[in-house]
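In the form predicted on its own, a lone chain appears below as structure tokens.
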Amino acid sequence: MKIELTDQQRENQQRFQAFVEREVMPRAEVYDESGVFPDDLALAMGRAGHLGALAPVEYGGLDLDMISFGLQNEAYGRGCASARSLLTVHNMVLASVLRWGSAAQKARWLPGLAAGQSLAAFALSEPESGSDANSLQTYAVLEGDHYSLHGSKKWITFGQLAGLFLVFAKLHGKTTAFLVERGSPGLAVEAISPMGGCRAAMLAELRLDGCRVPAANLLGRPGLGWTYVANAALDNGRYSVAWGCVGLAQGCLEASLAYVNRRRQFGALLREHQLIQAMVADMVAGVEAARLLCFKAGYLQEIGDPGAILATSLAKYFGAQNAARVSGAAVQIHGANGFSRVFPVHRHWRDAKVMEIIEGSTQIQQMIIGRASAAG
């Protein structure tokens, strides 16, 4: 495995970092506090092509290799986990349409998604069904030339802004994927109040009361929604989150290094205290290890190695836990200032906990990794 970046990957990395430092980081505290993601930022991300990261050039996308896509998520994670969350769910849907969609579906939706003219949201979780996706209660009934969807979806990231939802429902008892447009008859979108972390991720609950969906909007074949569509999308999401966790931890490390180089206690800079040095050493090691796991996952995905699925789970598992550890250490190093909005580590600390839950919780990753490893 070669870890050195190509010239193109390095150029992509610099471009993503510059965008985040210019457009995202200066206002991250503002929209975290308000719980509202700014429309102009979503538009700017679209104009920059960042929402079309995985779309082919023919549809107006960047057609990034998987390492570059990871570097994009790291850059956003370093600046704001809410903004990175938009990249994650939007590209989960975009990649699903690209992989499983018909020619007509690709032509209809991919150009708008790639340009950010329409945002997309992934709608799997329900009020009584989170990690246990097989217990979905939302169901679909074929009625002539359309499907009628009944049920509800909850904790839908960017559901308040999305124009297209990838909704999973049981059809004849088997999980099936549907592309549901905002404004569809029978669809109601209700905002969820800002949460403790990723406060600007614009979460929503979808209520499907006989929601009318054209038969042409079925994605893939009936019954393949979980085994193929959802699993592939979740793998993509885990990869995005894993890199985002690297960025989040990197942001905490940078903030802590700046703080220990100017804060004095007991007549010396914090950096001169051995216990602080030990905390910083653990942070550096954790960030480097998480990044290497992400590189391995990206490399295996790029060459189509079957081991990429396990590698991605490992990267997400370690990356999320490491982000929690590093952000906790950063708050500790900052002391009372760690809880002040003047410093970004309080936001990273809250956001880091979310990373241990989304796209398959830490415990789900343990199950995946444990089973795969035991099976050889």
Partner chain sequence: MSEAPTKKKIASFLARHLRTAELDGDEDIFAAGLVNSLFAMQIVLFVEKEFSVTVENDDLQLDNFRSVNAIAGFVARKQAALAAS
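Residue numbers count along the first chain shown, from 1. What you see is a predicted model; the values in this text were computed from it and never measured.
Form predicted in complex with its partner chain: not shown, discussed below.
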| property | result |
| --- | --- |
| Trp226, Ile303 and Ile309 each touching its partner chain in the model of the complex (heavy atom, 4.5 Å) | yes |
| In the model of the complex, the one of Arg212, His172, Arg221, Arg271 near its partner chain [non-hydrogen atom within 4.5 angstroms] | Arg221 |
| The single option of Asn261, Asn231, Ser135, Gln277 touching its partner chain in the model of the complex, heavy atom within 4.5 Å | Asn231 |
| Its partner chain in the model of the complex: contacting segment from 231-239, 86-94, 180-188, 281-289, heavy atom within 4.5 Å | 231-239 |
| Non-hydrogen atom contact Ala372 with its partner chain in the model of the complex at 4.5 angstroms | yes |
| 4.5 angstroms heavy atom contact with its partner chain in the model of the complex for Arg108 | no |
| In the model of the complex, Lys296 touching its partner chain (heavy atom, 4.5 Å) | no |
| Contact label in the model of the complex: Ile368 to its partner chain, heavy atom within 4.5 Å | yes |
